[in-house]
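Quick setup: one chain, the form predicted alone, written in structure tokens, and binding and motion questions come after.
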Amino acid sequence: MTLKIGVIGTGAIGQDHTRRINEVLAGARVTALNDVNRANAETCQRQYAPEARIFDDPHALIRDADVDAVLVCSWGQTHEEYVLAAVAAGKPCFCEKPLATTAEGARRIVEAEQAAGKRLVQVGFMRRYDPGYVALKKAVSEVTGAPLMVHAAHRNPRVGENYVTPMAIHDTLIHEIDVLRWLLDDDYTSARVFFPRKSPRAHEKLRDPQVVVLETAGGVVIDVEVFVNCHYGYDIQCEIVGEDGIARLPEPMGIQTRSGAVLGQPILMDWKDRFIDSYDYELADFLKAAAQGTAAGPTAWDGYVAAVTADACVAAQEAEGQAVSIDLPARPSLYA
């Protein structure tokens, strides 16, 4: 049986997922498209899904009998509404991050999924599917011993004028918030933020770089450098210091050259190039589970925890250097 997919939001990521489903992965076809800008949906249909129908109403797409599962790739403010509608319809739903723009919204999705009695939501935290992070998690379980510290960095070459200081948490650090919690199998208890001297490339409304310090229930201390105007490239680093050893995230594959008295290797400039395989793996995982009427991978609970943690980090930005507590309720049994 071929799984029939409806895609809500056909901007860059929605179009790329449509291409991925119809041209790269097996077992599914995109049968329905929606975008607030119909021209985007028409472009996506023309380029990647000529047999798909275009819906002007996303809720009609979700309810349609020719849609078995839903991808929510629209503007973040709409995610909660469409994910809740998919859960109410009993249809598996893949939601790009954020699950919701507030912790309360993410909690409502968790509650709706609990009421449904089974997992229906997968959140698009694709780093869990990156081969480097998968290898790093294996090293933590087999080589380093119990983690003591984590040193990480998330660097972008540049950001636009609309990127402001809190976005360094909600749009950038959010990936570390999820993947480090997954690597350590541990929850956060507090957050602090420190601002070094401001980079001259940062515009007036952005404090950049910044260092976020997270502590976990197990006593691990994590420092993450967020530097979104580093200029030289897109650079993701992670080192875990354990009781018995140290493990580092491998560099992306690149050709090493010797030329002009320089030993060198290129550095990527685009995040899509760095994690392109991860998107294939995460959607393949979703499609496999959705064919069974459920969901896999990062859960709605993971999306909720990320939202609570991000809110605490933003509060810590406003109280520079002071610890802000991260308080989570007990994990529901559905996500055990």
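One-based numbering along the sequence shown. Predicted model only: the values in this text are computed from it and were never measured.
Below: the form predicted in complex with a further copy of the same chain, not depicted.
Interface residue remark: Ser325 is not counted as part of the site for a further copy of the same chain in the model of the complex, having no heavy atom within 4.5 Å. Put simply, Val24 is close to a further copy of the same chain in the model of the complex: some heavy atom of it is within 4.5 Å. By the criterion of a heavy atom within 4.5 Å, Gly117 is excluded from the residues contacting a further copy of the same chain in the model of the complex. In the model of the complex, Pro209 approaches a further copy of the same chain with a heavy atom inside 4.5 Å.
The three marked residues, Ala146, Ala247 and Gln256, each reach a further copy of the same chain in the model of the complex, with a heavy atom inside 4.5 Å.
In summary, among the residues Ile174, Cys230, Met126, Leu184, the only one with a non-hydrogen atom within 4.5 Å of a further copy of the same chain in the model of the complex is Cys230. Exactly one listed residue, out of Glu251, Glu111, Glu81, Glu104, brings a non-hydrogen atom to within 4.5 Å of a further copy of the same chain in the model of the complex: Glu251. Contact with a further copy of the same chain, judged by heavy atoms within 4.5 Å in the model of the complex, is confined among 70-78, 158-166, 89-97, 261-269 to 261-269.
Residues Pro131, Gly132, Ala135, Leu136, Ala139, Val143, Ala146 of 129-146 are found to place at least one heavy atom within 4.5 Å of a further copy of the same chain in the model of the complex.
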